[in-house]
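Quick heads-up: it's one chain on its own, the form predicted on its own, in structure tokens.
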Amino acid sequence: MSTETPTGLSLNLAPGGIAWVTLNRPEKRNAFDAGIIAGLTRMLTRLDQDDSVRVVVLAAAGKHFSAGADLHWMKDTAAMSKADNEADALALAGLMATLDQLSKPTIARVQGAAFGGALGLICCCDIAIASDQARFCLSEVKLGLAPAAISPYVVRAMSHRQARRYMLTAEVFDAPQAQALGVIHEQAPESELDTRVDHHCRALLQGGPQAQAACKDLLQQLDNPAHTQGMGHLTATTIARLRTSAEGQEGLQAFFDKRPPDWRDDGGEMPV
């Protein structure tokens, strides 16, 4: 069965209980906005409650996995009130928590660019498989922002030490480096991605669903910085403050004007 939602998502329920959730906004490089965040959160919640679903695969249509947050949407949030901005940021934090805490095993299938918030989605999945030509970037500081909502999951995946480098430099790194950092588990030619995903799905279907859910719950208790008291509020207030700051608004406007922001004078490459 295949269904399409009006928010740039599609769902395909494959034999064996494999649910393929696809970011389906290729013309926008699968960037997500408030509608997609809400729709994806609802979809994941529904799948988590469906006993016939055994594995959830997060994929993307087109050339790129996701460019992260839709910058037009981010620009609009700068005009929102502080309270509305924090509520909006909490919705993104809620999506990450929903994916991260899903009781079903999850697999990220990654191709092309995975920038900004896309790394949060990848790091929230249990298994991440990427094209050997994929590119990754925590690009937010180039826009005067910070990868706040995704930071607990990215830091857990790549370590605090490595996150200090890649969050601050916003440098692009390739699939071999992503694997070395722990952002992905393996890489393969793009033509083989579906074969690799199928391999892992078949392996996951050999395990007991209750045992797998118990393993995931145990792992959450053992080491999850997102569970730290007040973490959701901290990440939401941080990004809300930066979105509405003069620097954040200058960074976003500079992107749309295709010019360097006022803290740079080198004319360097802007993020995707």
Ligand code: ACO
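On a predicted model such as this, the values are computed, not experimentally measured, just so you know. Numbering starts at 1 and follows the sequence shown.
The form predicted together with the named molecule is left out here; the points below concern that form.
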Worksheet item: in the model of the complex, which of the stretches 208-216, 59-67, 34-42, 230-238 has residues with heavy atoms within 4.5 Å of the named molecule?
Response: 59-67
Discussion item. Check for me: heavy atom within 4.5 Å of the named molecule in the model of the complex, for each of 99, 127 and 153, yes or no.
Written reply: no
Item to complete: Would you kindly say which of 139, 131, 106, 77 lies with a heavy atom within 4.5 Å of the named molecule in the model of the complex?
Response: 139
Discussion item. So the named molecule isn't shown here. In the model of the complex, which residue out of 201, 113, 158, 93 has a non-hydrogen atom within 4.5 Å of it?
Written reply: 113
Practice prompt. Give a yes or no for residue 123: in the model of the complex, does one of its heavy atoms lie within 4.5 Å of a heavy atom belonging to the named molecule?
Written response: no
Item to complete: Would you please decide whether residue 50 lies within 4.5 angstroms of the named molecule in the model of the complex, comparing each non-hydrogen atom pair?
Response: no
Worksheet item: Does residue 255 reach the named molecule in the model of the complex, with heavy atoms at most 4.5 Å apart?
Response: yes
Worksheet item: Does any heavy atom of residue 223 come within 4.5 Å of a heavy atom of the named molecule in the model of the complex?
Response: no
Worksheet item: Counting only heavy atoms, which residues in 8-46 are within 4.5 Å of the named molecule in the model of the complex?
Response: 27, 28, 29, 31
